[in-house]
Every structure is written in C-alpha cells, then in structure tokens.
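So this first bit is one chain, no partners, the form predicted alone, shown in structure tokens.
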C-alpha cells in the first residue's frame, strides 16, 4: 500500500469539561485542563491509494485546500469547546481525531484513494490517532 501524509498546524483554545458536571467535578477529572487554555496543534492526514497518470495519489495542494475548508477554517484560532461537535463531548485529542476523520472521510471520496489515518498532536509528547481500521475499541 502506498500512502501520502500532509501535516498542518493550527492554534486553538479549549477546556476539557462535561457540561453536566460541576466545576469542581470537572477539575477533579481533568485537572488544570478543565480551565480554558490553548495549544498549537499539529494535524497529520494520511491517504492510501494508487497514483494517477501524474504520479500522485492526490496533489498535496488539493489536499491542503480540502483540509483548510473542512477543518482549519473552523478550528484555527477558535475555542474548540464552543464548536457544535464538542457541545456534548470534551474537545480531547481523541474526540478531535475521531471527528476530523469522519469529516475528512466524507470530503475525500475517490475510487483511487481513501483517507487512512488522522493524527492530532495536542503537544509534542501527546497525541491521538484515528485509523480506518481502528474506529471502535475492542
């Protein structure tokens, strides 16, 4: 299998919390992450497929435009906790990877390639990955 990967970055704030819990319960569960704070996120998007006559699976510029339109235009310099997709779920790296994967999977439709993996880096040492074959826990 041949894959391509493109990396993006964006700046966003969030606070990890469950709306049905008190502030003290959220602080107990999430610690300081229950308070509003920000990250410079890195996002990696990986496609698997076969190159066309140009020798490319998908032009990196085209992939960039799709990710910009579907994800970055909404996430960059936003409070992720205010986005509809995180109204009932905390904006954890895990939930972000899942939502971004589903969003891009609908936008990247082709008979030559498919979205294979999305990785969201919250920090240099902490990230979550959603792979095509790993959507549900065992």
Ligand SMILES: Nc1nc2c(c(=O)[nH]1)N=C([C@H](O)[C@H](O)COP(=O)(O)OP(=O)(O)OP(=O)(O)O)CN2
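Numbering follows the first chain given and starts at 1. This is a predicted model, so every value here is computed, not measured.
The form predicted together with the named molecule is left out here; the points below concern that form.
Between the named molecule and the residues 87, 37, 50, 69, the one pair within 4.5 Å by heavy atoms in the predicted bound form involves 37. No member of the trio 9, 44 and 76 reaches the named molecule in the predicted bound form with any non-hydrogen atom inside 4.5 Å.
Per the 4.5 Å heavy atom criterion, the named molecule in the predicted bound form is contacted by stretch 29 to 37, the sole one of 29 to 37, 102 to 110, 53 to 61, 77 to 85. Contact annotation: residue 98 falls outside 4.5 Å of the named molecule in the predicted bound form, judged by heavy atom distances. Although the partner is absent here, residue 16 sits close enough that one of its heavy atoms falls within 4.5 Å of the named molecule in the predicted bound form. Looking at residue 122, you'd find a heavy atom of it within 4.5 angstroms of the named molecule in the predicted bound form. Counting a residue when any of its non-hydrogen atoms is within 4.5 Å of the named molecule in the predicted bound form, the hits in 92 to 129 run 92, 93, 94, 122, 123, 125, 126.
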